[in-house]
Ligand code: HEM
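There is one chain below, alone, in structure tokens, taken in the form predicted alone.
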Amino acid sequence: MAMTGTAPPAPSIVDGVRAGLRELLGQLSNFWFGMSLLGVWGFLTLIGVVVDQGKDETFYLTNYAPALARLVLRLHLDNIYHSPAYLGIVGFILACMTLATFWRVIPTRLPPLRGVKIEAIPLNASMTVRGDEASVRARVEAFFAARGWQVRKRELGGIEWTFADKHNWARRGVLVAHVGFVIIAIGTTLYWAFGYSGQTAVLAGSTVKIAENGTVFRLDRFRYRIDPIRTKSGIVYQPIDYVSDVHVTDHAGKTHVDQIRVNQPLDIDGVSYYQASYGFGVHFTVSKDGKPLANSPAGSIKEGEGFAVGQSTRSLQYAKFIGTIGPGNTVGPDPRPNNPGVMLNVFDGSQNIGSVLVPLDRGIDIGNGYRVDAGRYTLYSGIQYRHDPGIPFVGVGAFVLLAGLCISFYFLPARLYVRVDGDAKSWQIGLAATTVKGYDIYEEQFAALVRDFERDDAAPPARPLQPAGSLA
């Protein structure tokens, strides 16, 4: 005879959607998924450190390999901290961390006080003691309190439970680390919204204006010191000090005299100015058939800059200042101006057809009657500047993040579940332990705790200790 019954209801579309959503949230809050996002964020940050930020297109085309320059410009790696990818990954990390905090961390790290099935927990033990109920419970409480455990009692389902916690505060270590990362994200967001950075160069005797804040610098004099130092490999010339003596006019129109020195940035209205580099500006004159051309470069130009040669297809780039030209028109090792000259790159259209070393106050013929003369040099100062209102937040956030990680790694929160059952003069004590880092890490401590409890008990146990699980 066939048996009939009621078939279980088929899962509804709503149940399927809920199950899919739970799986998605579980994946987004997964620890290793979060670590992979942090890896991507770190990689993008490293790009911002390696690739010069905020320069114009010419800088990358001049100083980087052609393929790398095109990659930087096309992917906007020259301003990566303000790019949608960078901001998007930071926002995604914050969203996943928030989800992980409420979906995984808080339920796992801060579990509520509730009854458990003692024998189902791998770290468990039981023992039988004699005495009246009040004295047995008092001995249990005094034992754990004397060893620094936080003891709490709860009546759950008509059963009195004793909960003992050690380093319970350390359960919040991961939460502290999450808060630290959020503070760091706030700092980087402030820099994105209100901060800026850049660099500029100013020739001695001239002025430059910082576009972002209107501050004006006039370079009165640039001083540097380079000393020869004898090493095993020979004489090297070590830069000792760079100093820019400047007149500074702030955005309010007030002018004062100040200095910018290496490792001693100048702070003006919350903007830090750093002595980053220096160089030699050189005045070039272009002539044709002995007559100066009107389109010759006006004033001194700096290394890396170039100019066209009249109406020809030729152009020149001032590549480098040479402090000392040695015998045979060679480049000497001393960077200080003794017998100075310049290295020029010669282009025909976009093709580099060679380089030439030209002493100052001399020139070269480049064909078709054109001649280029290199004149006097003028020192210039390279200044970097940065305004970052998020630095205090990043510093505090890094400290909080480190503190949270130290708490999580170096402290082991543990919880003991204690249940006393029995009647009259014989009572069975069930004991189980859980930690936030699994059971194996706490196995030895738990066994020692059980042995101590046996020794402290006034009467010998009625039956031997019966460890279960990993204590077997």
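Note that residue numbering follows the sequence shown and begins at 1. Everything quoted here is computed from the prediction, not taken from an experiment.
Keep in mind that the form predicted in complex with the ligand is missing from the display, and what follows is about it.
Not one of 59, 302 and 344 comes within 4.5 Å of the ligand in the predicted complex, counting any heavy atom. Taking 405, 40, 65, 46 one by one, only a single residue has any non-hydrogen atom within 4.5 Å of the ligand in the predicted complex, and it is 405.
The listed set 105, 309, 358, 219 contains one residue whose heavy atoms approach the ligand in the predicted complex to within 4.5 Å, identified as 105. Contact between residue 425 and the ligand in the predicted complex is not found at the 4.5 Å heavy atom cutoff. Looking at residue 34, you'd find a heavy atom of it within 4.5 angstroms of the ligand in the predicted complex. Using a 4.5 angstroms threshold between heavy atoms, residue 30 counts as touching the ligand in the predicted complex.
The ligand in the predicted complex is not approached by residue 242, whose heavy atoms all lie more than 4.5 angstroms from it. Partner proximity in the predicted complex, defined as non-hydrogen atoms within 4.5 angstroms of the ligand, places exactly one of 425-433, 65-73, 46-54, 406-414 at the interface: 406-414. With contact defined as any non-hydrogen atom lying within 4.5 angstroms of the ligand in the predicted complex, the contacting residues in 161-179 are 174, 177, 178, given in sequence order.
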